[in-house]
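First, one chain by itself in structure tokens, the form predicted alone.
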């Protein structure tokens, strides 16, 4: 039997940040793997190192010790094969929606015609092709986030990194975007790592949940969610996993903004 190679692998990874007064170790001895087309939710309280994990995978920062591997090779720098979407959209207000999506394609050396075609395809995928000429200020929060996701997908990454992408949205829009991201994931067939504070969001979206906690942050719990979607939170398997997650946390009320 051929053994599958991980898409992402952390081997004894630790990360510290330095300032003039002290050194803060944010992550210590992380070991985990993520495989192709998995949807992995990273769950934990503020300050536990969730966003730092995404930064290491994106190549924006490097570990102080250990290895972060992508397709079995150490990550050295940012690359369009691993794209990151933030909570605050990071769209360019001076560009229209189509040009925002096309901006990321500058690294692909496409012609302007090809970039426009690809951008329209991904705007259509997120249901916003009719808004291609709109300015950023004309869109709602949920629409802006869909544009940000379309821009990330347009470069055809192997790994999509989402850092609390729905955290600033109202509950109704957040629930709609949860449905939308699962639809996009099923169509685009990307590997997804999704950071969240919300236990319910992780249970709704993830194939797997990694719980990060402690000071410095470590993996407290790693579990597979073998329950078909859409998920009923009364399902005994989900109830058990939910309780296991909370039991792993010394102070579960540190889940700020979580639905627990």
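What you see is a predicted model, and the numbers here were worked out from it, not measured in a lab. Residue numbers count along the first chain shown, from 1.
From this point on, the text means the form predicted in complex with a small molecule, which you will not see here.
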* Asked: Is residue 217 close enough to the small molecule in the predicted bound form to count, meaning some heavy atom within 4.5 Å?
  -> no
According to a 4.5 angstroms non-hydrogen atom cut-off, is residue 198 in contact with the small molecule in the predicted bound form? no
So in the predicted bound form, is the small molecule close enough to residue 26 to count as touching (4.5 Å, heavy atoms)? yes
**Study point:** 4.5 Å heavy atom contact, residue 49 to the small molecule in the predicted bound form
**Key:** yes
Among 50-58, 31-39, 220-228, 65-73, the stretch whose residues bring a heavy atom within 4.5 Å of the small molecule in the predicted bound form is 50-58
